[in-house]
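In structure tokens, one chain follows: the form predicted on its own.
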């Protein structure tokens, strides 16, 4: 059994479960204000304490998991849906004008971090979770395009691809029937890594006010709101920070474990 994969799956699964449960039940209303219970330390009534509005932190972390996971899933999906076909097209037309345009476009996007893209988008359309998804998704496109192009270039020289070309199959058909299935393992591993980076990016955007807006809970905004109260209420920052840390750690461990399991070269090395 792969230990990294097991630990990563447990950590990631715990937060995914918390996000799913939050759709039907949370201990307290995350939009309600209870000034009489503000800044309570962790107790049996409030497992992780309360914030400066009296909101239950445990409930907010559960709903915040839903926000972070949703943003990361959709953003990674955007990156894959656009980046993978671009990478396949670039590899199929290596050295052509299409290949050059795709790769230079990737370089252009890489020149602008997701935070800067989000600032440009929100300057036009306003801050929201949707705009955060678009910003992170745009940044993911060149990641998957480069990955697929690099892997596909080596596959185009394989005998089974040459046989497919001799049989009369076109470049597009070969790309989706023969190339794409052989890069799926790489996509799964990279998707897991980008998912963890997406959660970090969402937290960073929310921290500076460009992500999910109130009253929707967000781990990044919880950290931002707690920074002026850390000296007398450190639990406001500790628990959202741990949520981000453990979720990202779990996803990275799961990505490493999947790489070890899915890569045949690594499997042979362990024997």
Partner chain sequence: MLRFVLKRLLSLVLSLAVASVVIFLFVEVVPGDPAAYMLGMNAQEDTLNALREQLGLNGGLFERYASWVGGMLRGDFGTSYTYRTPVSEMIGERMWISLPLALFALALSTAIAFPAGIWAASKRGSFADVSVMSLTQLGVAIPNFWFAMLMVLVFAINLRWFSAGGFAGWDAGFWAAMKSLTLPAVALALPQASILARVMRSSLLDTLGEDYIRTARAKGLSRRQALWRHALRNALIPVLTIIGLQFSFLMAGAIIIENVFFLPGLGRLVFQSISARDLIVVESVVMLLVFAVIVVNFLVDIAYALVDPRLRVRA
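Numbering follows the first chain given and starts at 1. Keep in mind the model is a prediction, meaning the values are calculated, not measured.
A second form of this protein, the form predicted in complex with its partner chain, is not displayed here; the remarks below concern that form.
Residue contact check for residue 139: one or more of its heavy atoms lie within 4.5 Å of its partner chain in the predicted bound form. Shown alone here, residue 226 lies within 4.5 Å of its partner chain in the predicted bound form, counting heavy atoms only. Contact check for residue 249: a heavy atom falls within 4.5 Å of its partner chain in the predicted bound form. Using a 4.5 Å cutoff between non-hydrogen atoms, residue 110 counts as a contact of its partner chain in the predicted bound form. The stretch among 236 to 244, 44 to 52, 28 to 36, 61 to 69 whose residues place heavy atoms within 4.5 Å of its partner chain in the predicted bound form is 236 to 244. Though its partner chain is absent from this view, in the predicted bound form it lies within 4.5 Å of a heavy atom of just one residue from 130, 153, 103, 115, which is 115. Residue in contact with its partner chain in the predicted bound form (any heavy atom within 4.5 Å), chosen from 81, 172, 119, 98: 119. Annotation for 63 to 85: no interface residues with its partner chain in the predicted bound form [heavy atom within 4.5 Å].
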